[in-house]
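What follows is one chain in structure tokens, specifically the form predicted on its own.
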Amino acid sequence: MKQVVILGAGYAGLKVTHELQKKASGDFKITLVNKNSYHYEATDLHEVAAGTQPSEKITYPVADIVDPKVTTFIQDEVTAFDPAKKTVSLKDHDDLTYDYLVVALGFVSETFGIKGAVENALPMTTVEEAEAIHAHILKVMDDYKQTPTPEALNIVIAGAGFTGIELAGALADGRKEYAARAGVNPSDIKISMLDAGTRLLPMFSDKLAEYGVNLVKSLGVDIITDARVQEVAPGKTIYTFGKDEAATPHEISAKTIIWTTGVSGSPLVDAAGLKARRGRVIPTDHLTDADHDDLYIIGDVAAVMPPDGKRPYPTTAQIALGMGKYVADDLASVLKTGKHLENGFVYKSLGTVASVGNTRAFGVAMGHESKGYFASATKKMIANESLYRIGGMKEVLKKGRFDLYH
């Protein structure tokens, strides 16, 4: 019996599992490995970090998806995989061997070697990290009530990309909670964003991107562009304007510094000796590694190129789900016929919508730009559709977003 091992239960890995289980007919066995017992909606981490949604709302058990007649779920941390030996090493279990491996190990925070970023900034790539951010903010506000210091009321977001913009909106919604803990007015909570770019949100048209930036600014968020972080010291973010590293440094004092400048794929991909850059591999049309036809690369560790070949598609939940569905179909074909599907993976985006708090958003859906409340409702329906594509109506009813009017 062929052994299929899937590493990671994010959007891509869990989608492969969900779809491949339907195709099992006794000729292969699936082993799914994930560090946590749950899947989490990574697109909603900013809400947990801000405290506007509990972590329970964005998670559900992997066991809800696993069919034990076909799939063995191992909760453990992957420490390495060896494409030559066709083995996977785990922290607390014996090594696994495989006939086919699906690598969907997700992402980690990327600090680009900036001094002090790891030690003094808060990453937001896991549920635990998001919860830690919220706990940190509340503690700082509680401490302020006992010992008032101006920097305690300041929150800095390093990185004004898609994630940073969504986080800023959620933090703005959380101001009342933070202010109540500190005993101040909500307007006393200062939120600042730094970004090295001068044109933010490149995935949108100039007009829509400008709308989104102005929407965030209207919530009292200070957005500083062309600002390159040089160092993160305890309670201080030091930056310069422009590309001249010798330029006069500026700094913002804040006891809460959140790092959203970017992510990279799992470092295990580089360690495995694959041809990767920042933990991401450019896969073949069938989403396999170019040098290992039995190894699929999907999700945040895959750099899928569009037809123009200029730059990889952004790593979104939407493309991850598409990759997961394709790999399940392709693997089923390989297992049963020994051949890949005739057609390679093709990605057609249905659009991208950015939330700015609970009732405000902007973006493109089904080819049309949308703004404000309507875009917010669309964003929540997209989240529900994502839940449905893996967990079915059961997870939608349990975890779906139906808070459309507040």
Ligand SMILES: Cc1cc2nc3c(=O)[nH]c(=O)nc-3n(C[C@H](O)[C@H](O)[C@H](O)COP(=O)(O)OP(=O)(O)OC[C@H]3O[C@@H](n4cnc5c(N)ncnc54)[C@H](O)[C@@H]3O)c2cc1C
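Numbering starts at 1 and follows the sequence shown. Quantities reported herein were computed from a predicted structural model and do not represent experimental measurements.
The next section is about a form of this same protein that is not shown, the form predicted in complex with this ligand.
Contact with this ligand in the model of the complex, defined as any heavy atom within 4.5 Å, is confined among 144-152, 109-117, 211-219, 74-82 to 74-82. The shortest heavy atom separation between Ala317 and this ligand in the model of the complex is within 4.5 Å. Proximity of Gly324 to this ligand in the model of the complex falls outside the 4.5 Å heavy atom cutoff.
Contact between Met193 and this ligand in the model of the complex is not found at the 4.5 Å heavy atom cutoff. Looking at Tyr40, you'd find a heavy atom of it within 4.5 angstroms of this ligand in the model of the complex.
Using a 4.5 angstroms heavy atom cutoff to this ligand in the model of the complex, all of Leu45, Gly299 and Lys379 count as contacting. This chain is displayed alone, yet in the model of the complex one of Lys29, Lys35, His340, Lys371 has a heavy atom within 4.5 Å of this ligand; that residue is Lys35. Taking this ligand as positioned in the model of the complex, the residues of 160-195 that bring a heavy atom within 4.5 Å of it are, in sequence order, Phe162, Thr163, Glu166.
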